[in-house]
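We begin with a single chain expressed as structure tokens, specifically the form predicted on its own.
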Amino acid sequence: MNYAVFGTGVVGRTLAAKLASLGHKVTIGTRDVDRTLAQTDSDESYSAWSAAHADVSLATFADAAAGADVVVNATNGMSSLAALQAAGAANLHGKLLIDVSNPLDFSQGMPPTLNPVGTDSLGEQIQRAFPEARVVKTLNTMNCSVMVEPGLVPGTHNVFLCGDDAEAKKEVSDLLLAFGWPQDALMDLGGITAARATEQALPLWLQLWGAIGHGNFNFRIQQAD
């Protein structure tokens, strides 16, 4: 399977590395390839990461999406729509689009707020902007290390998914199982409007991260017998 992962930050890199380790062909999408590769000022630069992950290529958003079967949006939530627009609607047409981003707005400093919030969500905005794409929201309620290695958190804990296309959600469920999530950890919350709820979990998640001191935790839904 050919995957395009949009976003050169830690989330995109983590997902890209996991997908490549599973044998998929992976291309990370970026707005400006030369500028991304020119960032060599630290051990955490994309160039340093890329040197250790030669099996993952880099291309523009449009080129990455054009050659992909599946597109993963792991960009900063406030720039997600612009990144997907740069990819081009034709390159997203009919494709599974997995959205793991959150619309965190840092314009007023820390802690960030959500924009949109309450009556809309980034997941819904993406689906409206690209109606021919099959958008599924998932993995956005946890740290990226837990996304690809759920065993970092002991015991049973959950990963949520939502979207309007049942087959798309089945494809995402299969991918989550390949990531190591057990079947009973998956919780389908329904249509894409449920992205409002999962995105609104982020303020709580950020508070928990501050209280716990690290990101290796997750939500568990305990049901009554």
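Predicted, not measured: the structure shown is a model, and the values here were computed from it. In case it trips you up, residue 1 is the first one in the sequence shown, and so on.
The same protein also has a form predicted together with a small molecule, omitted here; what follows describes it.
A.B. asks: Given the stretches 127 to 135, 151 to 159, 88 to 96, 74 to 82, which is the single one in contact with the small molecule in the predicted bound form, using a heavy atom cutoff of 4.5 Å?
C.D. replies: Only one stretch passes the 4.5 Å heavy-atom test: 74 to 82.
A.B. asks: Could you check which residue among Thr36, Ser57, Ser173, Gln200 gets a heavy atom within 4.5 Å of the small molecule in the predicted bound form?
C.D. replies: Contact check passes for Thr36.
A.B. asks: Can you tell me if Leu19 lies within 4.5 angstroms of the small molecule in the predicted bound form, counting non-hydrogen atoms only?
C.D. replies: Contact check for Leu19: no, nothing within 4.5 Å of the small molecule in the predicted bound form.
A.B. asks: Using 4.5 Å between non-hydrogen atoms, is Thr8 touching the small molecule in the predicted bound form?
C.D. replies: Yes.
A.B. asks: Would Trp181 show up as a contact with the small molecule in the predicted bound form if we use heavy atoms at 4.5 Å?
C.D. replies: No, no contact at 4.5 Å.
A.B. asks: Though only this chain appears here, would Thr30 touch the small molecule in the predicted bound form if you measure heavy atom gaps against 4.5 Å?
C.D. replies: Yes - in the predicted bound form, heavy atoms of Thr30 and the small molecule come within 4.5 Å of each other.
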